[in-house]
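A single chain, nothing else alongside it, follows as structure tokens in the form predicted alone.
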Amino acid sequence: MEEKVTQAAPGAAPQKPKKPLPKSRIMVGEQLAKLYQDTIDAKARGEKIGWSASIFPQEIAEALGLYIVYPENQAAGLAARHQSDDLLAHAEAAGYNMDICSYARTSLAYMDTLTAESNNMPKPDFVLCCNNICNQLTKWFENLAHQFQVPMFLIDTVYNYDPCASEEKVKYVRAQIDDLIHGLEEISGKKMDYDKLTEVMRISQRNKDLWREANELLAAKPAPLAGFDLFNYMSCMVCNRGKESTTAVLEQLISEIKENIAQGKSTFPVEEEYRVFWEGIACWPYLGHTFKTLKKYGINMVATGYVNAWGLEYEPGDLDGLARAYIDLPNNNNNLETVVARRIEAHKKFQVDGTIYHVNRSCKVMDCQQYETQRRISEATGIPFTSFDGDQADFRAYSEAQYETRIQGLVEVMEQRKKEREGGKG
């Protein structure tokens, strides 16, 4: 059957209709919209609602039936839709320097206005913060708590210098989790049902397994998915990882991926010439440009450490295990040796040809480790890499020309290595 086209305007070239979204993408969009609306509705009913850091023990609030929204998710969504520029300007006019995380600046500006073009969040009655990503989160959420005059619950995980958290650290964080439960019970007037908590933990573990499976299916060659597509599903794990609705989304996503594998298809729109590992957060304001530049050279991002940050592992009902999981993160809160070892394993598993490092102005912790990470991984694997300057939400820190030049240079090296492996000359 001949594909229909639509006429955009008199005299304009005919345009193909947009490809319909897969069912899983529709489901995740509906899920996120419901979270924001449910939280607004709960606030209107007089219930206590909270704002939370992205990798916080969500299991506790979920088991108590509290409605929680996530400023980091809001900031990423606003940046991806190019709706954060005015908020960044507002924050800087209020005295927040450009060197501060752009998610924080977006959130601190929203704190003043409580108005955005999308993803509006009602005023919180409490804020939840865990410093296992970075310590800047602590000051950010302290400012939110001070401005709104609401309590802040902090889970202090302490930097993890060892491959696994010590028992002393586990006891320290476990005590804080117990205090968190008591504090949220007091604020909400609800009593913790520990059977319900175990069930939420079970659901969270199921979702962790599904999320890992979805990511690991990209090890197939060619990958059945454009790796950038996985960014569209991150809200499931950031905002909803203790919900059965996330189980449904991820089961549908995996079904779609497996169908692509069976049919030899992929959502990557061109032939996969090269496979790369992406290190760092997405550059949300330029997500389209970063992807299109890779597509131009047939480069598919098949693996990244970032999306796996929410793969927290523990036994349902084990609160000591819960504490250990929030200490032993795969990225920021771990020592360099552990980070490098996990990256080397992923580089081999996903058979990547190169690595792209996003030197993110906002994320100083990641950036400070990157240069040594680059050196060690390249020495261990022989895989070439490149880096580019950018930011997760601030459009001013990114240069399209620099990114294109760096990717072109990486392609030249990957092409040379490919010829050598195939016995070519030059």
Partner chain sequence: MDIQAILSQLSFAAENPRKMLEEQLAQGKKVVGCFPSYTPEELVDAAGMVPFGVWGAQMEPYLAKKYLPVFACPILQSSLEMGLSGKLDGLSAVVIPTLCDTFRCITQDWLAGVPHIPMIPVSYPQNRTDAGIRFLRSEFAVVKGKLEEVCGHPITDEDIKKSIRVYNEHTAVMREFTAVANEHLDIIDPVMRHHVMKSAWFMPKAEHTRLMRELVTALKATQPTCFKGRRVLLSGIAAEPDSLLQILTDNNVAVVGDDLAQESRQYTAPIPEGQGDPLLRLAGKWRGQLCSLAHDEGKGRVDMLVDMANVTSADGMIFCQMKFCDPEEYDYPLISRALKEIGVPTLCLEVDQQPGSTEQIRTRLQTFAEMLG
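For clarity, every value in this text was computed on a predicted model and none was experimentally measured. Positions refer to the first chain, counted from 1.
The discussion below concerns the form predicted together with its partner chain, not included here.
- Judged against its partner chain in the predicted bound form with a 4.5 angstroms heavy atom cut-off, the residues 134, 138 and 156 are in contact without exception.
- Interface residue among 261, 254, 100, 164 relative to its partner chain in the predicted bound form, by the heavy atom within 4.5 Å criterion: 100.
- Taking a 4.5 Å heavy atom cutoff to its partner chain in the predicted bound form, the contact residue among 220, 287, 336, 192 is 336.
- Looking at residue 396, you'd find every heavy atom of it more than 4.5 angstroms from its partner chain in the predicted bound form.
- By the criterion of a heavy atom within 4.5 Å, residue 142 is counted among the residues contacting its partner chain in the predicted bound form.
- For the chain shown alone, residue 172 is a contact residue for its partner chain in the predicted bound form, at least one non-hydrogen atom being within 4.5 angstroms.
- Among residues of the shown chain, residue 41 is not one whose heavy atoms approach its partner chain to within 4.5 Å in the predicted bound form.
- Contact with its partner chain, judged by heavy atoms within 4.5 Å in the predicted bound form, is confined among 365-373, 63-71, 49-57, 25-33 to 365-373.
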